[in-house]
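Only one chain is included here, represented as structure tokens and corresponding to the form predicted alone.
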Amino acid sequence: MQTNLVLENPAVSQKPSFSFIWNILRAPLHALTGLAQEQGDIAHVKLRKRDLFLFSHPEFIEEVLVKQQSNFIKGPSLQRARIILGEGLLTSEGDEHLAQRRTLQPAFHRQRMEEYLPLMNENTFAHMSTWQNGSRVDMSADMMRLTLNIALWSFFGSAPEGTVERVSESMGTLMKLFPLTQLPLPDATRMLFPKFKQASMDLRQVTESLLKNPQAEDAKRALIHILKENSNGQFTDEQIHAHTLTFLLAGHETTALLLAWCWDMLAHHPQVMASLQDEVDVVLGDRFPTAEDIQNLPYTRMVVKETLRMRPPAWAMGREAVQDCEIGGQHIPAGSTVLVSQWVTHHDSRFYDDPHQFRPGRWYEIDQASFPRYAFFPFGGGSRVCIGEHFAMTEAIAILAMVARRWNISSAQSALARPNPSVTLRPDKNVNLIVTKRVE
């Protein structure tokens, strides 16, 4: 496989910064793709006094996320998100992050999936039971509600009345106002905006109610148990709230987007949907999926992987260099911003034939022995790889299998939704489907 590295005069910006800034604000996916196409695997833009580098080759992505990860901290964008998420796992750095992750990891071990899966199944079945034969279903909204319920039951032991609605409303407000967090303003100034302040207060009240809910005692060894036990006093009260909020939001939002994209793709590729249904009919019959079944649904898993390739909810990741370093022969000054983009690399024709075609079967064809590890990195990598990766994959496969076993779907829209990059990669319009019953 050719790497096609382009390193001609890498220390000099080849793209005027004002042009790149305009393009990145107007159409960020197009801007990053164009930058990689013009400058190659190491692209460099000078933004006033700051250097920005985009690394697109898997070898260089691995340098940033794994081999030299100790020299890269979270980028300014996520650092400013502390006003929403607090000092939790997503925003912490260095030894503090490793210590927090070590403490929280037991809630996300692979073997825990056997305990979470029945909750996923029960919530999915209950959710499907509200659909009417031949009705129109907004999968964007439905998947958000479903995955939020699953997160509440799995991580917190219950879903107190009104929690889903309060979180959904607050999330909608914060997503709209997220650009406000990226402005170089004092946190106190941002909190003066009434809607921002109200949404933050609502989420704080939700986390407090979850922590105080007596039903949480039934969630043995789940996240809420780890946080409440806090036997060694590792977490402050603020950190406990930050962890609760982080897993409440991150534990459902990206998976809901993944599922919405899956349904959009499946509705516009009926042959893929038919193949998925053939598999789940044989493997599951009339049963709910077990942990063993999840491993025996390879085509369903490939549908999820192909969707993650084409529509990765995390579409780019920013890091900041702590000290001068070198990657691929390129000098990276301390303080530089470094980007790696799932969107750009996942659509690179060097690694994927017909990269803009939705073809889950490609994962049968890919030679894993020669396939570059970081040509596919939807969950990041290194010590900061998404702690909920196994949970998200299990949840997505289980939901796809249960729905596909019982329902046929068709799109209520003539074309695929277009990707709208914000904090995460969202459809530019809600994914509306027509659902018809297959089996009772």
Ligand code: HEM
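The structure displayed is predicted, hence computed values, not measured ones. In this text, residue numbers run from 1 along the sequence as written.
This protein has a second form, the form predicted together with this ligand, left out of what is shown; the following refers to that one.
A heavy atom within 4.5 Å of this ligand in the predicted bound form is found for exactly one of 300, 244, 123, 342: 342. With the partner omitted here, the residue from 269, 127, 346, 97 that has a non-hydrogen atom within 4.5 angstroms of this ligand in the predicted bound form is 97.
Under a 4.5 angstroms non-hydrogen atom cutoff, this ligand in the predicted bound form has residue 254 among its neighbouring residues. Contact annotation for residue 407: none of its heavy atoms lies within 4.5 Å of this ligand in the predicted bound form. Interface residue remark: residue 391 is counted as part of the site for this ligand in the predicted bound form, having a heavy atom within 4.5 Å. Though the partner is left out of this view, residue 89 does reach within 4.5 Å of this ligand in the predicted bound form, counting heavy atoms only. In plain terms, the part of the chain that comes close to this ligand in the predicted bound form, with a heavy atom within 4.5 Å, is 375 to 383 out of 411 to 419, 31 to 39, 375 to 383, 48 to 56. Contact residues in stretch 306 to 332 (any heavy atom within 4.5 Å of this ligand, taken in the predicted bound form) are 308, 313, 314, 317, 319.
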